[in-house]
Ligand code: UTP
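The chain below stands alone and is given as structure tokens, in the form predicted on its own.
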């Protein structure tokens, strides 16, 4: 305990021990576990440490739909061979809740069916099974949950028999957490024995996977690539053989599926070069003049809108694991335990949360292959209950692609 007291004092966080002596033995042990697991370095981001600023932005060369079609058989042959050899693992980022969909359950458990139950997780598994049938092999599936939804997600998969996917090829792991702080950098207590934490962002998937010990799991003994994808795009192809093959043949360490932007102002991150390195710049970070630049044939120069479906080279990930991924500081309303020991639910933003983003991981890989996909066949995000990128629009696209709702 002495070392923890000294450590927290050095970090300027001694106030976290205010109620320590009131905790049970089990509560004290759990509290110390929280202290040990926190990445305290992220708080340095409050002083601007580790963050990147944009430099000289330039377009990046990638594969268009037409170019992919010309060499599709070649790409698929290489991709299928890699999948059959166990060289590719799929990583599903599923730590979110269905709050914006009007649900208090994990987002992947949301039912998007009309005449039958069809859960988001179920549709993603069906997409993965399609790849398995095409290559004649089962693909390791790693599901990243959060502390908030881990139990529910595991139970949901078990109750539904993993939707026909072999359960021995599925692993769950919990996303690492980051501390929540007030505007002075003091970490909040959520309860007397619980530090206020939040998921550390989608850029933390690899560190979370490593912490969970999955790199030593037998199902990953031949894995050379990780195909990382988000839970909310129900049309995406997972471990797509052509995508895998094209990335391998390009000799690049990373691949990114992208859709052609429908308009300069479309709200998607844009894959480009930033000081010569592959980078994803948010739509609001591009000036209107830059966003509107066009080639001689009328195509947007900055046209690759990412859909959060990436292929990462495993060995390169291991090499950059020790590098500091930039930490993004976000103002939030954070519930906390007041000085009087009573819970407080703020009505306005009262502190910061810290996130790492997968788009920064792309930059660290050093190079990246943009791989264009048809948005009507591979991009149906379920972010809202109604309107744009909603349950309604996703259902329409699923039906258009022959999925029975």
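Positions refer to the first chain, counted from 1. Nothing here was measured: the structure is a model prediction, and the numbers come from that model. We call the rigid core whatever largest set of C-alpha positions still superposes within 1.5 Å between the two forms.
Note that the form predicted together with the ligand isn't included here; everything after this is about it.
For the options 200, 153, 227, 247, the one in contact with the ligand in the predicted complex, meaning a heavy atom within 4.5 Å, is 200. When you look in the predicted complex, the only residue of 326, 264, 269, 96 with a non-hydrogen atom within 4.5 Å of the ligand is 96. Just one listed stretch, out of 111-119, 130-138, 201-209, 78-86, contacts the ligand in the predicted complex at the 4.5 Å heavy atom level, and that stretch is 201-209. For the three residues 18, 35 and 181, a heavy atom within 4.5 Å of the ligand turns up in the predicted complex in no case. At the 4.5 Å threshold, heavy atoms of residue 72 stay clear of the ligand in the predicted complex, well away from it. Remark: residue 385 does not count among the residues lining the ligand in the predicted complex, judged by a heavy atom distance of 4.5 Å or less.
When the ligand is considered in the predicted complex, residue 231 lines it closely, a heavy atom lying within 4.5 Å. The ligand in the predicted complex is not approached by residue 253, whose heavy atoms all lie more than 4.5 angstroms from it. Although the ligand is not shown here, in the predicted complex the stretch 130-146 places heavy atoms of just one residue, 144, within 4.5 Å of it. In the core-superposed comparison between this form and the one not shown, residue 267 has its Cα shifted by less than 2 Å. A displacement of less than 2 angstroms separates the C-alpha positions of residue 160 between this form and the one not shown, with the rigid core held in common. Comparing the forms between this form and the one not shown on their rigid core, the Cα displacement of residue 331 reaches 2 Å or more.
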